[in-house]
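First comes one chain, alone, set out as structure tokens in the form predicted alone.
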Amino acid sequence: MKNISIAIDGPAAAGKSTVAKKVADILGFTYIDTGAMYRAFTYAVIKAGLDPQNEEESNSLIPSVTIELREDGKVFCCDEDVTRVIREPSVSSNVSYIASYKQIRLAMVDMQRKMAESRSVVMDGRDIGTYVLPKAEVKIFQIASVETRAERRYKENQEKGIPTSLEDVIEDVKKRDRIDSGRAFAPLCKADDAVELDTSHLNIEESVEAVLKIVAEKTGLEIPCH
């Protein structure tokens, strides 16, 4: 079977990662969480005592940072398990700066494209359909209201024991939207051939089913029973 690439883009906390992972599991595809890669790099910058809002300082780590996404969902940065720590507020509030730096994006995109060359993938992020995988067979732009996205992220943080207030999460989501949409290189935007999916009033299962329906329509792929 020909390899198929599914690109799911959208703003922060739109539920892309959760949906993408479940879709990949159902289809037997490899899930690539590009957001986790940028978070891991952000963590590396902070751990090194550098300023993530300083592009030159952050770029200096490109040659030394290694990032591994494992099949079990764990994220490793320079051989350290950073799966949990990359979701903490210090990383969340700075990751959009790191993701806006051209040289870091080029390094990450090179990794992501290589991952997609030899297998069928579900990849989520901000610019997958427009820049990383412009020839993806399926492109989805997943959105939700700011309030819905903030409430989802706040709930995730509570479940993970990460102390944040809902008000702070709302402000973080708004700030990340401004940075992601306004960056000069590969900004967040909907690809011309992407299908927009508003999940404001959909739960996870309904969102997954909506994505699978789009995949079937675009590729003719028979969706496995699940």
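Note that this is a predicted model, so its numbers are computed, not measured. A residue's number is simply how far along the shown sequence it sits, counting from 1.
One more form of this protein exists, namely the form predicted in complex with ligand DC; it is left out here, but the text below deals with it.
- Put simply, of V121, V138, A99, C77 only one has a heavy atom within 4.5 Å of ligand DC in the model of the complex, and it is A99.
- Proximity to ligand DC in the model of the complex, taken as heavy atoms within 4.5 Å, picks out 99 to 107 from the listed stretches 113 to 121, 77 to 85, 99 to 107, 139 to 147.
- Shown here without its partner, the chain carries K21, R152 and N157, none of which come within 4.5 Å of ligand DC in the model of the complex through any heavy atom.
- Contact annotation for T34: at least one heavy atom lies within 4.5 Å of ligand DC in the model of the complex.
- Interface residue remark: V95 is counted as part of the site for ligand DC in the model of the complex, having a heavy atom within 4.5 Å.
- Using a 4.5 Å cutoff between non-hydrogen atoms, K190 does not count as a contact of ligand DC in the model of the complex.
- The shortest heavy atom separation between Y43 and ligand DC in the model of the complex exceeds 4.5 Å.
- Within 4.5 angstroms of ligand DC in the model of the complex, the stretch 191 to 226 places no non-hydrogen atom at all.
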